[in-house]
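Just the one chain here, the form predicted alone, laid out as structure tokens.
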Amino acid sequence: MKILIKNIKQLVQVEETPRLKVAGKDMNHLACIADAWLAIEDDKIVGFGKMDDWEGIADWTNLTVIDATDKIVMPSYCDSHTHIVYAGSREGEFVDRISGLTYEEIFTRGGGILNSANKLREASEEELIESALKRLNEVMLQGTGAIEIKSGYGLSTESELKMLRVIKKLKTLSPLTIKATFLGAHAVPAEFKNNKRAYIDLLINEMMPKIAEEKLADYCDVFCEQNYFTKAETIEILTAGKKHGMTPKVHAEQLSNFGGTLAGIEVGAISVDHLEFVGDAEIEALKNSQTMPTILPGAQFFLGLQHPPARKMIDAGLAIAVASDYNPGSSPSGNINFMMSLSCINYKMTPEEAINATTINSAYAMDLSKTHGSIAIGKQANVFITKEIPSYSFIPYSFGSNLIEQVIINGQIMSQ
């Protein structure tokens, strides 16, 4: 299939020489072409430029032409942190927090992650696939083209494998590019409440070999936090995961400064995520690593946590990624447009920084920046076309508005 998008008001995030990530001051730069065209053939981007420079594309035949007059075209978002496979919802805990209970108090009463684990254990694979596909379609139409999905609501060998098999099936059913993460170390299940060591042994000695045998996970993640897993335990679990072919990731510094970032750097994590309580030592260590610091504005906003020092990290020269953390308990939204609004409003990131954070840098956090996250020849044809808007800054400015008119994934026009 050939698609030509013409008369584009702004073609955003274009690259002649593709980069793996963008850091520091460079995050405030966003290459764009005004009055542009974009050519797609099959599932790849094959050309782009100004309307007065067609470079032979005018000779194309048998193609679909889309007129994008007064509209913006951008690369699809890459959402590098979600828990989009789950059963049920947790609006009751939402009301509990309004009434004054903290996230930790809800967890100690058997809520939070343990609540979702109980619901997931009762759900069938078919039920999980059906509900997850609806969410994947939802975020696709909101601009997301690649997504990471974690397990972690199973907390038993049977249920963790069930979640990962569901994610593997979703890779064949959804047009989105999907990466899978094993998050068995999301919490200690109730049956191991007094013997966390036995649960860690179960993760390493029973779950990981089976996951590796079925090739179910690209990454291994740990929630490094007080009452969950220590820095030493995080390093042990992630080191074992690496031996089974899973690249490390870490839930780090969400509720306190607890060592997750430094643990992730030590084991070569591709990303450390949350970072509300990250400090100077962690920022300095990240500067000397290849680990992508990833902030999750939806969870911070929904739980009322302190803001992560995003501005300080960027000014220190770091790259920043932004992801949704779509999950039933602390971020029941996968709308990256809203995550960009939160990043700009609460963290004082510029629209350029927010777009870099949700495209090329979040693609890096999924090992996808060679193929996704920007408009470059040879990259995957995952783009979206906005409604008629004045500029790309209008997207984070107009929080809550649906500004996306058309979505193209793998060179195919998706129906609304």
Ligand code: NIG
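Numbers for residues come from their place in the sequence shown, where the first is 1. As the structure is a computational prediction, the values presented were derived from the model and not from experiment.
Omitted from view is the form predicted in complex with ligand NIG, to which the following refers.
Under a 4.5 angstroms non-hydrogen atom cutoff, ligand NIG in the predicted bound form has residue 325 among its neighbouring residues.
Not displayed here, ligand NIG is kept clear of residue 181 by more than 4.5 Å at the level of heavy atoms in the predicted bound form. Taking the partner from the other structure, ligand NIG in the predicted bound form has a heavy atom within 4.5 Å of a heavy atom of residue 223.
For the chain shown alone, residue 90 is a contact residue for ligand NIG in the predicted bound form, at least one non-hydrogen atom being within 4.5 angstroms. Against ligand NIG in the predicted bound form, the set 80, 135 and 335 makes no contact: no member has a heavy atom within 4.5 Å. Exactly one listed residue, out of 329, 145, 248, 297, brings a non-hydrogen atom to within 4.5 Å of ligand NIG in the predicted bound form: 329. The partner is absent here; in the predicted bound form, the one residue of 301, 199, 258, 103 having a heavy atom within 4.5 Å of ligand NIG is 103. The candidate stretches are 308 to 316, 156 to 164, 126 to 134, 249 to 257, and the one lying within 4.5 Å of ligand NIG in the predicted bound form by heavy atoms is 249 to 257.
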